[in-house]
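First, one chain by itself: the form predicted alone, in structure tokens.
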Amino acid sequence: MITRRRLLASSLLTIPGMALSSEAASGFPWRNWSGHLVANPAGRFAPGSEDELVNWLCKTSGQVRPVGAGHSFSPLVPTNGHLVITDRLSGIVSHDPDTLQAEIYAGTRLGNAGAPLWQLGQAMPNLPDIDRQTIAGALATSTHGTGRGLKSLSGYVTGMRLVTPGGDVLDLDKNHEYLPAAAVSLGAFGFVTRARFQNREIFNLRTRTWTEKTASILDRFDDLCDDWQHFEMMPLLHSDYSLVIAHQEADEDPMPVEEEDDGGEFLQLIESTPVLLRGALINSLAGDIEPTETIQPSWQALTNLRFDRFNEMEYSVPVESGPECLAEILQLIKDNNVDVVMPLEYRIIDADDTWLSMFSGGPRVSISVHRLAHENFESLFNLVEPVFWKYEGRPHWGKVHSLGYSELRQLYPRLDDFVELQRELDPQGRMLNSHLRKLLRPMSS
């Protein structure tokens, strides 16, 4: 039995994890989760409180960048200045049982928030596939899950505490004019130390996975999104099939998750099969992939372990353009005989009112392309990225893309307002590394 968890968590090869250490000496290299990005910061600082962070910022100068779990594939973190590590700012700050809101320290990993919130009778309405990101990092990059009528994490933020690079502490409540900008900030305004979320009552999810022809899923995509609270598909490259992952709220108690057959032989067979024959192989075997079903608490059902390391490109396109964009990418990979095994991801996310969310202004579907970390991803990503541009795609801020200020301002009506606010909060440009300057500054400035 091949399941989504096996396909994602142990797809093919793994590379050793590269741990971040708050005790590392100056000059010790920093690497992101995939190992693709490397930096040699002058030093690291891991504040244990907001006051420590304020005092440190007031006594220092030069470039600073926040770092969480290092799960971004875009170079938001690398700097020759100082890294500020948020790991010690972790845990639930406070909660309100009447409004179902909770304030969480920004260094908390998403996976470490689910159980404590559950004990308080609260659950986040939507969660991303990976739960290792910090709250601050996930918000800064507009990280999202999937589901019609469900927003990205940033869409559920009702307040924040922001420490500017000059050491000022700003309380941004739901009525503050800065909040829609700070909810997706790219880490360009300063350091988010805590965030308040609008949650909901706890709920269990029935999860069903199955394989189906991609064209059939797209034909009834609207109905499937109505039937299932969270819905996504993972097209299997070079084939006619996709793996479907669907969740619906369940009144029943959680079911024990059965031990899964590892599926290793199937995956090895795909990888070892020549690309030109791979589609026929998958098409012939897809019917043998048994549907699975389980019931789990929402925070466990929506997230998965990822043992393999990879790099990723993701763009979000208008919902109505999604099927055509996906079909063109699948055909392009097939026509060019690209030897890539990891499936695509196709998800739907509702609109929010943040300035730089990929989903500001209307709901979109996101399409993700992956390459294992030991493989060169540039040829694949360079091949498919122009297809996203054709469909007015917005790049995920934490994923690989090549766009800069001139292209982004065509996609985000509030980008210049964001740039103006960034200059106001960070007049010395301490938060800007070379990547952020590319995103937020015209070439001439």
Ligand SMILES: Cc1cc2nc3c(=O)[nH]c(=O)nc-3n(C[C@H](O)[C@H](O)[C@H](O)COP(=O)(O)OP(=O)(O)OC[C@H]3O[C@@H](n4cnc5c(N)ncnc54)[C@H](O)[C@@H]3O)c2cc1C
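Keep in mind that what you see is a predicted model, and the values were worked out from it rather than measured. Start at 1 and count along the sequence shown; that's the residue number.
The next section is about a form of this same protein that is not shown, the form predicted in complex with the named molecule.
Undergrad: Given that the partner is absent here, state which listed stretch (142 to 150, 243 to 251, 207 to 215, 292 to 300) has heavy atoms within 4.5 Å of the named molecule in the predicted bound form.
TA: It is the stretch 142 to 150.
Undergrad: Give me the residue from 138, 183, 195, 369 that has a heavy atom within 4.5 Å of the named molecule in the predicted bound form.
TA: Contact with the named molecule in the predicted bound form is made by 138 alone.
Undergrad: Have a look at 31, 409, 44, 399 for me and say which one sits with a heavy atom within 4.5 Å of the named molecule in the predicted bound form.
TA: Contact check passes for 399.
Undergrad: Quick one: is residue 128 in contact with the named molecule in the predicted bound form, heavy atoms, 4.5 Å cut-off?
TA: Flag for residue 128 set to yes.
Undergrad: Using the partner position in the predicted bound form, report whether residue 228 sits within 4.5 Å of the named molecule, counting heavy atoms only.
TA: Contact with the named molecule, no.
Undergrad: Given that the named molecule is not shown alongside this chain, does residue 393 nevertheless sit within 4.5 Å of it in the predicted bound form, heavy atom to heavy atom?
TA: Residue 393: no contact with the named molecule in the predicted bound form.
Undergrad: Taking the shortest heavy atom distance, is residue 69 within 4.5 Å of the named molecule in the predicted bound form?
TA: Close contact exists here: in the predicted bound form, residue 69 approaches the named molecule to within 4.5 Å, heavy atoms only.
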